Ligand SMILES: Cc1cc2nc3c(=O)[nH]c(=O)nc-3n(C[C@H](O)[C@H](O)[C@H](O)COP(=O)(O)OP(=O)(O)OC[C@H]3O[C@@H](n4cnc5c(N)ncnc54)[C@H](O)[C@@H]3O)c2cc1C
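For reference, the chain that follows is the form predicted alone, supplied as structure tokens.
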């Protein structure tokens, strides 16, 4: 430890803004690393921490339980003060205060994990899916309807399409882009996603925008009008930073942070709201890695190494898994094998592996994590997969 670090003041209270996955993981990592001071978690929702990936899948089935991340007993064991149903309204960095409707909360260190909020389609009054309450509302709507129009064919839109089809509902999936999940998997793999959904009866309307629509109708820009009982707006999210407008923090598609999640002295950010070293990731596993690194930085402990970004999605009987951060113009090659047509799409730039996406090919994908980190020669990877 440096002389400067040894003179660092004692941290007595850490305030975490956000009671979702990012907030919970930050608390857990602080405790795991030995922090014995006070931790206060401020959450805008009344619910304790819950898992978001099931909201677009299992929670939409009427008999599904709510996906709590930890039991009440586990939360108590963390010795944390939970201030739920109390949205943060501001951050006074100079005074080291988090502002809420109920007053102000002083901190020695604050970690912002406020997540993101759904984008909305102008002129469309559909449902959105981001919170547990949103999922309950969508589940009730799906139970009462038979025709679903989904605007946005990213991960959430495609997952809800698959869930709605499993419930026997008619589904129209609309997107301004050329194919579903194209931003996630790129132009080479996206047609495979399209084939999966059309094979399960989803009607795709790609390259189409929506217009302001009357109740029970979804109007497209080519003059098509789709009869619908339920409309879901799934065009992505924006970081939840409006409450930080007067904070003085640098905000540009998220809170701008260094490679350790530091946005300002004694201010850190993790999860969907955070833009680390110029990049913002919206993947579940990324949150845990960021929380661990922030906890280490707060306590001035050895930092864990960088992790390879990872995501997954369950649609019908296919599990998608992705590793790495390939660019949209990276080279891509599709490798398929076996009686179940397991498929891996391999991405590379300059002859070096940058990422992979697997279709029900978990073993092949996970084995390539170290190769992506090392930038292994892509020809070696292709030879290995086709052997």
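Residue numbers count along the first chain shown, from 1. These numbers were taken from a predicted model, which means no experiment stands behind them.
Just so it is clear, the following notes concern the form predicted in complex with the named molecule, a form of the same protein that is not shown.
Any chance all of 44, 129 and 311 sit within 4.5 Å of the named molecule in the model of the complex, going by non-hydrogen atoms? Each of the three qualifies.
Partner absent here, but in the model of the complex, which of 271-279, 256-264, 145-153, 201-209 has residues with a heavy atom within 4.5 Å of the named molecule? Selected stretch: 271-279.
Quick check on this chain: which one of 55, 361, 27, 356 has a heavy atom within 4.5 Å of the named molecule in the model of the complex? Here the answer is residue option 55.
Exactly one of 292, 233, 159, 172 has a non-hydrogen atom within 4.5 Å of the named molecule in the model of the complex; which residue is it? That would be 159.
Does any heavy atom of residue 243 come within 4.5 Å of a heavy atom of the named molecule in the model of the complex? Yes, residue 243 sits close enough to the named molecule in the model of the complex that at least one of its heavy atoms falls within 4.5 Å.
Contact flag, residue 15 vs the named molecule in the model of the complex, heavy atom cut 4.5 Å: No.
4.5 angstroms heavy atom contact with the named molecule in the model of the complex for residue 248: Residue-level check for residue 248: no, no contact with the named molecule.
Give a yes or no for residue 316: in the model of the complex, does one of its heavy atoms lie within 4.5 Å of a heavy atom belonging to the named molecule? Contact check for residue 316: no, nothing within 4.5 Å of the named molecule in the model of the complex.
Judged by heavy atom distances of 4.5 Å or less, which residues of 80-107 approach the named molecule in the model of the complex? Residues within 4.5 Å: 87, 88.
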